[in-house]
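Before any questions on how it binds or moves, here is one chain, the form predicted alone, in structure tokens.
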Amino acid sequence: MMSKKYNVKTPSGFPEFSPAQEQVRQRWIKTIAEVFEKNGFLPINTPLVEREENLLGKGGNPKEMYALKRILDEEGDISHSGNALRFDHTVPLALYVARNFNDLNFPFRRYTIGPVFRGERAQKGRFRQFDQCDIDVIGNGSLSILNDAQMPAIIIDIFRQLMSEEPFVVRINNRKILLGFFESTGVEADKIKTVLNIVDELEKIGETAVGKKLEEQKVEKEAIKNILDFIQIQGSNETILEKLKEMSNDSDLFKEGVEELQLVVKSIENMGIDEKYFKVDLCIARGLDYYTGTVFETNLINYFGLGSICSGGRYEDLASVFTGKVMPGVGISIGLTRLLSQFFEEGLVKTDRQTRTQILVINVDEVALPKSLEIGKKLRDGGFFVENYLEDKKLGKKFDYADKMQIPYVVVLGEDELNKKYVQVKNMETGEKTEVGEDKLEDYFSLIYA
């Protein structure tokens, strides 16, 4: 009788990392978390699952949300109904603030790193389960615009550590500038958000296609020309800001946006950050409706086709739907899974050997097993990454294992070594063998891994 044949492929849109790749992922998470904490952000851990009504109440798309249910529910048991997997970290943050409002100190600076789930069409660079690394600063009633300047500084710190050899730039704009400018060019109020979303596609579809889409929205030809000229203003940060200040624009929203952008740029400069890492770019719009002011996008200069590797912005309403209070904030998000998958594919991030093991301890015969276990434990206690080979294989197979796992050193002992109280240490790269006393092993490896 044939056994059932199972499909063991990973489900579409759900990532899987090899040991070597996972070590990179964990290292990145550690670096990102350290930068977040260095800047005063506090970690929180929210549920993977929230009530459907709450997720929908803050803009969740029901076509992309995964509901939580048991494969076999008993009739009448509704204990698991009405819940769904989180699709981002923003709604869980709003719910966390609502649940813990009286215990929080404002401004509340939080970070979270973990998986989210979206039931969208899986494709290259897009997943249905992916890790996001988010920070947000939340105010109670108000929040200084100076917090906006902290975000590019944090992004720059992170990617200078993670991508030290790959040039990148954080592009900064303020949506108030765009909205005010569109208003002053005669774009009808009910079309301004649509125009904003079209402008946000400039780099994906090009100037001609953007112009055509604006025509389809019945925007006047002169206004289209003015919009395209405006969003493509070039120059240094100082030059662009001067051009904005010199414009005769009666929109208070436009003027407010220019003042905010100028303060953000000045604050970044005050931190001593080189201008090569950040640039005012008037075509950055961020299509999401909840952004209201400063917006950020980060790109690798030599790989613009990868899109934004970190984005975010300012919003004026985080949790009012849950708290009844005005709670402005600013935040950024790194789509870690999408980013790393593309970096691995492009060869932008090199994987190390698949194990962190520095030393493999091998016993040649059974009589040496107790001592090999003792040595392995002592070396681990001394701070080394040590693995004992425990399988009953020929010695050559044991060395093959060390070679395939790229373990740099092998400690070998058998009955002869046991009697003479020394071991053989083999350098797997050079093949050199060294006799080392049992009681000198820690000192020996301490010199190697100093």
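Because the structure is a prediction, the values reported are computed rather than measured. Start at 1 and count along the sequence shown; that's the residue number.
Quick note: we don't show the form predicted together with a further copy of the same chain, though the next part is all about it.
- In the model of the complex, a further copy of the same chain sits within 4.5 Å of a heavy atom of I44.
- Remark: N419 does not count among the residues lining a further copy of the same chain in the model of the complex, judged by a heavy atom distance of 4.5 Å or less.
- Put simply, T10 is close to a further copy of the same chain in the model of the complex: some heavy atom of it is within 4.5 Å.
- Although the partner is absent here, T31 is not a contact residue: none of its heavy atoms lies within 4.5 angstroms of a further copy of the same chain in the model of the complex.
- Relative to a further copy of the same chain in the model of the complex, residues G235, S311 and M428 are all farther than 4.5 Å at every heavy atom.
- Only one of 178-186, 295-303, 354-362, 163-171 lies within 4.5 Å of a further copy of the same chain in the model of the complex by heavy atoms, and it is 354-362.
- Taking a 4.5 Å heavy atom cutoff to a further copy of the same chain in the model of the complex, the contact residue among Q129, Q262, S333, N197 is Q129.
- Think of it this way: in the model of the complex, a further copy of the same chain has a heavy atom of just one of L241, L202, L253, L85 within 4.5 Å, and the residue is L85.
- Interface residues of 356-389, taken as those with a heavy atom within 4.5 Å of a further copy of the same chain in the model of the complex (partner not displayed): R356, T357, L369, P370, L373, E374, K377, R380, G383, F384, F385, V386, E387, N388, Y389, in sequence order.
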